[in-house]
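Given as structure tokens, the chain that follows is alone and in the form predicted on its own.
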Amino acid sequence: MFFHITLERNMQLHPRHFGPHLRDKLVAKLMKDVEGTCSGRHGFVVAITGVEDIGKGLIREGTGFVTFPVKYQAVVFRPFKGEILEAVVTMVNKMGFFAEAGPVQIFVSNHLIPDDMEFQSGDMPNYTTSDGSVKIQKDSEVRLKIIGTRVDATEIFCIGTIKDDFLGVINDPGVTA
């Protein structure tokens, strides 16, 4: 799920950046350092939408660097147990498949894939129904449900299932229209 939240961070800036464009340099450094990162508490920072406040700088003794407290707004992505996501399959093996929904990698075990789908090895490993009508392979788009998350300091891992109503393949790259 996506959230729009206010975050704070202390930014260090070298003295060579001081001048009329100090604020621009701070905002650019903030975007470079923060966008695309993950914190276990808030999730993945997708984008910074605005800077609310830049506090007074504090000079670091011995280095000349200045630390500025920066308050900013950001869009973050944090997956939750029970959430339904659409993801792209990145790898298929006999244990299940991995899919990505934005920055999150989700593993779907073969026990959480419908019983009528079987693993097929070969050039393009996949899970296929007995009649061949549905195929999960690399680059397939699937709708899945998150049944578990594990949050580390800098990463979020998810386990998903497609063994439920309205879940499964929504777009198969192997089928041409």
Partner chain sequence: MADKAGKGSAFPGGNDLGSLKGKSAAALKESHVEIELSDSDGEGFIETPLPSSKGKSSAEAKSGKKRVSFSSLKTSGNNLFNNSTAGDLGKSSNVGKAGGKGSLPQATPLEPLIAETQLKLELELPKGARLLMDCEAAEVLQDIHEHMTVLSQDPKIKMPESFSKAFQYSKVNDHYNNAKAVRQVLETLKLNAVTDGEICLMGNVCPENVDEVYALIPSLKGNIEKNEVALKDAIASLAKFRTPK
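Numbering follows the first chain given and starts at 1. What we label the rigid core is the largest C-alpha set whose atoms superpose within 1.5 Å from one form to the other. Everything numeric here is computed off the predicted structure, so don't read it as measured data.
Missing here is the form predicted in complex with its partner chain; even so, the following discussion is about that form.
Although the partner is absent here, Lys135 lies well away from its partner chain in the predicted complex, with no heavy atom inside 4.5 Å. The closest non-hydrogen atom of Thr49 lies within 4.5 Å of its partner chain in the predicted complex.
Interface membership of Gly36, defined by any non-hydrogen atom within 4.5 Å of its partner chain in the predicted complex, is confirmed. In the predicted complex, its partner chain sits within 4.5 Å of a heavy atom of Gly148. Counting a residue when any of its non-hydrogen atoms is within 4.5 Å of its partner chain in the predicted complex, the hits in 50 to 82 run Gly50, Val51, Glu52, Asp53, Lys71, Tyr72, Gln73, Val75, Phe77, Arg78, Phe80, Lys81, Gly82. Superposition on the rigid core between this form and the one not shown places the CA atom of Ile162 less than 2 Å from its counterpart. Leu26: CA moves 2 Å or more between this form and the one not shown after rigid-core fitting.
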